[in-house]
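Take a look at this single chain, the form predicted on its own, given in structure tokens.
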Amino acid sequence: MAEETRQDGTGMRAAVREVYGPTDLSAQPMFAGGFINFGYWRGVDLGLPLGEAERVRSQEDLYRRVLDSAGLPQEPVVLEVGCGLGMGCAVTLREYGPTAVTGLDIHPEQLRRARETHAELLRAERGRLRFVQGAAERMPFGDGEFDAVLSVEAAQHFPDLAAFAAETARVLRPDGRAAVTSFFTVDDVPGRPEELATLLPTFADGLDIARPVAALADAFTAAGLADVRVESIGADVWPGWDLWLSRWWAADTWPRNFRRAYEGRVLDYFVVTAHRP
């Protein structure tokens, strides 16, 4: 097994361990405010100069887009899988009136940073917010603990979507909701992984895994979830993300290939929702 795809005892792959550990992607300037996502830019005027405030808003708005898509009940118990620094957990707690929010992440360094970042909030909320270590494919929770399972730009790292879907179905209560957003290939045409590996080093080094969005939708269905829906939101992600990247990278550099992959109908950004009957 290649080094970039080798997993440690927790199931964490080497590229994930490096990027979210020593490299600390959350500290990079393109991910302002501690969030680590490409952003949902519908509410941002891309014709005006972009600053950190607009960038942070785009990342918060991606969480709002997913939370709204989930169709949360009143006072839900919410799990975020791949929570990173927990910035989305804080948005959920602040704006959506949950009974409790749990952030799950496989990386111990991310959880350490999350607990440090939100130390005051953890104290103030007295148990409404917690951060737990665990893999998306082996969630350390009992059956039916949550009203909603969310994941924002993390599923591209999950080695086993079928196991993630099965665990999502298991930890959801009856009529619980799942909402996942991330980037996937638009189809399963042979050669897509190789095509993306040529365009984007994150696919070449094993950080991101090239899979069609249908793989997640089918996994949810196979796990017993119902009303599985797939929606492209790429038109509100890729242009803004590419414009933001232009602050640091020229048009002919590899980070700008995300938009090229989208425009070439290779890669897109999706929201996938489902519920447990």
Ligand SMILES: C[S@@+](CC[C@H](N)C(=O)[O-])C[C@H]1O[C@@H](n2cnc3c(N)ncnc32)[C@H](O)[C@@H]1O
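All of these numbers come straight from a predicted model, not from anything done at the bench. Numbering starts at 1 and follows the sequence shown.
From this point on, the text means the form predicted in complex with this ligand, which you will not see here.
- Interface residue remark: residue 159 is counted as part of the site for this ligand in the predicted complex, having a heavy atom within 4.5 Å.
- Using a 4.5 angstroms limit between non-hydrogen atoms, residue 153 touches this ligand in the predicted complex.
- Within this chain, residue 173 is remote from the site of this ligand in the predicted complex, having no heavy atom within 4.5 Å.
- In the predicted complex, residue 193 stays away from this ligand, with no heavy atom inside 4.5 Å.
- Residue 136 is the only one of 136, 179, 169, 90 with a heavy atom lying within 4.5 Å of this ligand in the predicted complex.
- Between this ligand and the residues 101, 165, 83, 149, the one pair within 4.5 Å by heavy atoms in the predicted complex involves 83.
- Contact with this ligand in the predicted complex, judged as any non-hydrogen atom within 4.5 angstroms, is confined among 69 to 77, 93 to 101, 195 to 203, 128 to 136 to 128 to 136.
- Taking this ligand as positioned in the predicted complex, the residues of 101 to 116 that bring a heavy atom within 4.5 Å of it are, in sequence order, 105, 106, 107, 110.
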